[in-house]
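Taking the form predicted on its own, here's one chain by itself in structure tokens.
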Amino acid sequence: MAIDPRAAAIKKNLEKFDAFVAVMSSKGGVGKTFSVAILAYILANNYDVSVSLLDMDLTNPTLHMVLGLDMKSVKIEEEKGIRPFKVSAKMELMTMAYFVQESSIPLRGKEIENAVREILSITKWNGNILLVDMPPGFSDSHLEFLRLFTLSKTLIILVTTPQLLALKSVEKLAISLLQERAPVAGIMGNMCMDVSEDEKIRKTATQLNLDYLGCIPYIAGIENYYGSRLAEIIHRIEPSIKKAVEVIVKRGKR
């Protein structure tokens, strides 16, 4: 088998990180990308953690939109590789949207593996924790992620809403990941309107013998807070997902 020359570059680029956090969901529409952005803002602003963000959704990257970035105005910096865009003093972002703008690039099989390896081999990170917005489901890109990242430094956070279909879907995803012996840290909810919805997600986590990491409360007109205004709602969200944040910080200190 031929040796991929990018392997050494990937290892060198990733070795500086204290932790890799993959945020996953079983289906789209549960607010996974928003959850990633909120976790990043809390870590950077309230815990003084230097966060690197990677949007691993290669065909439909949207994390930049939640962060309020217009890819047409973002300039790519090259210095023996690609420098992630500096979102703030403690936050940086790498996304396929840098290269494709608003276009869609359908990938499959070997193409996904190559795209993941290419991004990781050319990106020159500055953060201490790498927070990864994974595409929905469980596919080739997820398996490639698990192969490339040091599992002892990795944890996976599953995101779901309280709705029945989302809970059933995240249950199937969790079982698949646990069968692969993936390092699942627990389940975090999103869009909980009351205690009963919070309890539904807690029950699902308990049945899977996973930690319940809290639930982001439902916030009307959430799109109005995309971008720098995310900082305005941290105080409304952080108490509800404090356990998720603490799990990440703890992994970063190992």
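Numbers follow the displayed sequence, beginning with 1. Treat the numbers as computed from the prediction; the structure is a model and nothing was measured.
Heads up, the form predicted together with a small molecule isn't pictured, but that's what we're talking about next.
* Taking heavy atoms only, is residue 47 within 4.5 angstroms of the small molecule in the predicted bound form? -> Residue 47 lies outside the contact set for the small molecule.
* **residue 208: touches the small molecule in the predicted bound form, heavy atom cutoff 4.5 angstroms** => Contact check for residue 208: no, nothing within 4.5 Å of the small molecule in the predicted bound form.
* Asked: Is there a heavy atom of residue 223 lying 4.5 Å or less from a heavy atom of the small molecule in the predicted bound form?
  -> Residue 223 belongs to the contact set for the small molecule.
* To do: Would you check, heavy atoms only and a 4.5 Å threshold, whether residue 191 touches the small molecule in the predicted bound form?
  => Taking the distances in the predicted bound form, the answer for residue 191 is yes, it comes within 4.5 Å of the small molecule.
* Asked: Which residue, 51, 213, 30, 56, has a heavy atom that falls within 4.5 Å of the small molecule in the predicted bound form?
  -> Residue within 4.5 Å of the partner: 30.
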